[in-house]
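Quick heads-up: it's one chain on its own, the form predicted on its own, in structure tokens.
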Amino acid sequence: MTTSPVPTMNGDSVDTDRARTWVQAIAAAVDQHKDHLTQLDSAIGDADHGTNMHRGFSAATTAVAAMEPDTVGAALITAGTTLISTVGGASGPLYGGAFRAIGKALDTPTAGTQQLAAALAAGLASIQKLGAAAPGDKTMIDAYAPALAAFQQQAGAGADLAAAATAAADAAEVGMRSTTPMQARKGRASYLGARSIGHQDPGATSTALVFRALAETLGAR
């Protein structure tokens, strides 16, 4: 997956500008892939995932652009709150809650690799608490969990932010593709039973876009 180019920023840390750029990069990626997301969702969902995500991240971009955050977390909390109020279906609370959790863990002007790893873990915990899903259920967690594991592994090995985020994005895309042969056990798709097999999960797909946008943002120089 590819997203639109993002502005260049220097330094191996996440600052307020990079936090806002991440949200902008997600919005650009969703805009580019919204029809694909809707196509995936039309097979096993309500056919509105692309539209909902586009509306939400467009609004989130506007919201974070209008503020001067003092911390990395403030920008991401604003993005999350906006997603909750603008994205329909389950995606709003799940994505919004995740970004709010990530933001609350980053109450600092800048954050390094270990801090971002902990924040991303908080985001996954929020999704799991709300959605009660686990890996293998054919949900966004099947992309998020391996992405987090890859990021944590790189962080533990002393990698910089760009390397950790790239590993996470690669793992998210592998996880996204792994949902195709799964039978859905959570969400709207679970009502289809065996008919959900053979379709890539739209939530896992948008999650992969989120992590690729992060990798591009942190890898920009």
Partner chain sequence: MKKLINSPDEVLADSLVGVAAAHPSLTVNSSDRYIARAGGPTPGKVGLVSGGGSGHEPLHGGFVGYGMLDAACPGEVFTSPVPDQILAATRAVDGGAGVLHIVKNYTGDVLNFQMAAELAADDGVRVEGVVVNDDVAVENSTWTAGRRGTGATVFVEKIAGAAAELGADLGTTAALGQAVNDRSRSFGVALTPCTVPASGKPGFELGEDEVELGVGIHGEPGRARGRLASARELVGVALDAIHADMPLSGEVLVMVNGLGGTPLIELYVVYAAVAEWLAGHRVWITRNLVGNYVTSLEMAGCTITVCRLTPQLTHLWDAPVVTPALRWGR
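Keep in mind that what you see is a predicted model, and the values were worked out from it rather than measured. Residue numbers count along the first chain shown, from 1.
Heads up, the form predicted in complex with its partner chain isn't pictured, but that's what we're talking about next.
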Looking at its partner chain in the predicted complex, do all three of 21, 24 and 177 come within 4.5 Å of it through at least one heavy atom? no
Segment that reaches its partner chain in the predicted complex - one of 140-148, 104-112, 68-76, 84-92, heavy atoms within 4.5 Å: 84-92
Looking at the partner-bound form in the predicted complex, is residue 48 within 4.5 Å of its partner chain by any heavy atom? yes
Its partner chain contact in the predicted complex: residue 122, any heavy atom under 4.5 Å: no
Partner proximity in the predicted complex: residue 134 to its partner chain, non-hydrogen atom cutoff 4.5 Å: no
Since only the chain is shown here, I'm wondering whether residue 167 would be in contact with its partner chain in the predicted complex (any heavy atom pair within 4.5 Å). no
Within 4.5 Å, heavy atoms only, which of 62, 153, 42, 32 is in contact with its partner chain in the predicted complex? 42
Let me know which residues along 126-141 have a heavy atom within 4.5 Å of its partner chain in the predicted complex, or say none if there are none. 130
